[in-house]
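Next comes just one chain, in structure tokens: the form predicted alone.
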């Protein structure tokens, strides 16, 4: 990133923080810092980095919702240590039982903190395809994260899902209803969202990336379709999987939609011209470089996944 680009990003981040603080002041509790983005809805923002020993896999937005009788944790974080800190944060706000642990998808920085909540014996919810995704991927993820986290990785183990969602399911936290919805293949083939009906907060997780470049691990066409469906939800705010919470809904989808549509358009153009995967990887999406953090780390991967999907249209 050039010096001018760094200055531009610093300005964007500063303005974002000002806007966020005006709506949802950060609460400094024991454990992890969280923003109470709506009454009883607490979000901890992960850093815009790849997982490392230094950040302990704390790179995704995680948090919890407090009801009249119970607490639901939404994604326990990227390591047992992060999960433990999140649990400590919950306990600093309430002694209500943590009855539900909701996993939005299988990516390790969203789920590897689950073991920290074992003593609470929560029901663990996920998409109907989540158990098979965990079974397929956990050995690789644990092996990879062992190299990343070092000694912290000794406690890594895949979460055991107890309840699955194939379409729609409601959870009662005591005077507060959460609607869990399973989606067709998009970011992954097992994406789950959470909607808090009391505050009209949509927890989109990785179906929405902000500031940090989206990662295609399912279907780019499917993701665009699911994005259109999400845009019809009457939400007051959205919690993305990465980046700041937004009260500008559904406009918060615009940057991600633009990026994905550009990939589809440009990959199709390469295919129509009988171009190669190599030529697509070298050129597609480059106009989006100024708009996303970690662009060089993930754009080529996204182009490759899109090329493989679209060449069989």
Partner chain sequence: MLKQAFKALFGNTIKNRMRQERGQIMINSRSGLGAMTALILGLATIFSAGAMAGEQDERDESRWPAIRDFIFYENQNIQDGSEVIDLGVPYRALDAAVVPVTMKALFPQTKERFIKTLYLIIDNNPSPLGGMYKFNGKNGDASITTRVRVNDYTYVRAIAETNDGKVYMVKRYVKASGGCAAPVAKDQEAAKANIGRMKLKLPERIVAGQTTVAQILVSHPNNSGFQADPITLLSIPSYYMKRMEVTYNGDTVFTLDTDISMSTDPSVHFSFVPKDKGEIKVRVIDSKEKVFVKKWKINPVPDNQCSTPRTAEKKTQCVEG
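Fair warning: this is a prediction, and the values are worked out from it, not measured in the lab. Residue numbers count along the first chain shown, from 1.
Below, we refer to the form predicted in complex with its partner chain, which is not included among the displayed structures.
Enquirer: Quick one: of 216, 182, 171, 226, which gets a non-hydrogen atom within 4.5 angstroms of its partner chain in the predicted complex?
Expert: Looking at 216, 182, 171, 226 one by one, just 216 meets the 4.5 Å heavy-atom criterion.
Enquirer: Please identify the residue among 123, 221, 137, 96 with any heavy atom within 4.5 Å of its partner chain in the predicted complex.
Expert: None of the others qualify; the residue that does is 137.
Enquirer: Please state whether all three residues 88, 118 and 260 have a non-hydrogen atom within 4.5 angstroms of its partner chain in the predicted complex.
Expert: Not one of the three qualifies.
Enquirer: Given that its partner chain is not shown alongside this chain, does residue 271 nevertheless sit within 4.5 Å of it in the predicted complex, heavy atom to heavy atom?
Expert: Yes.
Enquirer: Any of the heavy atoms of residue 277 lying within 4.5 Å of its partner chain in the predicted complex?
Expert: Because a heavy atom of residue 277 falls inside 4.5 Å of its partner chain in the predicted complex, the answer is yes.
Enquirer: Even though its partner chain is not shown here, does residue 211 get within 4.5 Å of it in the predicted complex, heavy atoms only?
Expert: Residue-level check for residue 211: no, no contact with its partner chain.
Enquirer: So in the predicted complex, does any heavy atom of residue 236 sit within 4.5 Å of its partner chain?
Expert: Taking the distances in the predicted complex, the answer for residue 236 is no, it never comes within 4.5 Å of its partner chain.
Enquirer: With its partner chain left out here, work out from 155-163, 79-87, 197-205, 228-236 which stretch has heavy atoms within 4.5 Å of it in the predicted complex.
Expert: Heavy atoms within 4.5 Å of its partner chain in the predicted complex occur in 155-163.
Enquirer: From first to last in sequence, which residues of 102-124 have any non-hydrogen atom within 4.5 angstroms of its partner chain in the predicted complex?
Expert: Contacting residues: 107, 108, 109.
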